[in-house]
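Form predicted alone, single chain, as structure tokens, below.
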């Protein structure tokens, strides 16, 4: 299960992710992102309550990063050591902006 809390302020979008980002929930995040990114210049994903991410979740983050590269910036915040390890092993720590 994945809960997505969205806050849009002008051209800044903050999304807080809670739960598991896997094969079952990745389409939910993808849909939420694609519906919300029009006109957004600053995307921030709060991962403090993200428990797990699978390759399907990584694909959604990569797609969002590619979109935001064309129109602004994307950053991930409050990434746990478990999730960070997945980003490092897959090379995503070099692709994504993690603060």
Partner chain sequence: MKRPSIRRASESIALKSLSGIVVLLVVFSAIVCVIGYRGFTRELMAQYAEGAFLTADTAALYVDPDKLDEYEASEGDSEEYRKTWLSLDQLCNSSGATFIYVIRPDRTDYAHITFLFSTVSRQAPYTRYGFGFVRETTNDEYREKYRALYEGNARRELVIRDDGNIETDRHITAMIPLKDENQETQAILCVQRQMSGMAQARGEYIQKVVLVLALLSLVVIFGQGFYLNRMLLVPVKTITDEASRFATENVKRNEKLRETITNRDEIGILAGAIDQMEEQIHNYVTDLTRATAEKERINTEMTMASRIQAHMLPNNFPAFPEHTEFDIYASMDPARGVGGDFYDFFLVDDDHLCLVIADVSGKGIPAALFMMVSKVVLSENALLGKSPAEVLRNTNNAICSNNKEEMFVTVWLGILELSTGILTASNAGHEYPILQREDGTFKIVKDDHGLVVGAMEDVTYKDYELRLAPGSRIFLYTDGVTEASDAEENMFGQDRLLTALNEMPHEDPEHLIGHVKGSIESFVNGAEQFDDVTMLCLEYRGPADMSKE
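Since we're looking at a predicted model, the values are computed, not measured. Positions refer to the first chain, counted from 1.
What comes next is about the form predicted in complex with the partner chain, which does not appear here.
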> For residue 73, is any heavy atom within 4.5 Å of the partner chain in the predicted bound form, or not?
Replying inline: no
>> Under a 4.5 Å heavy atom criterion, is residue 95 part of the interface with the partner chain in the predicted bound form?
In response: yes
>> in the predicted bound form, is there a heavy atom of the partner chain that lies within 4.5 Å of any heavy atom of residue 19, even though the partner is absent here?
In response: no
> Does residue 66 reach the partner chain in the predicted bound form, with heavy atoms at most 4.5 Å apart?
Replying inline: yes
> Among 80, 23, 14, 77, which has any heavy atom within 4.5 Å of the partner chain in the predicted bound form?
Replying inline: 23
>> Using a 4.5 Å heavy atom cut-off, which residue among 41, 49, 59, 31 comes into contact with the partner chain in the predicted bound form?
In response: 59
>> At 4.5 Å, heavy atom to heavy atom, what parts of 79-98 sit next to the partner chain in the predicted bound form? List them in sequence order, or say none.
In response: 85, 88, 89, 90, 91, 92, 94, 95
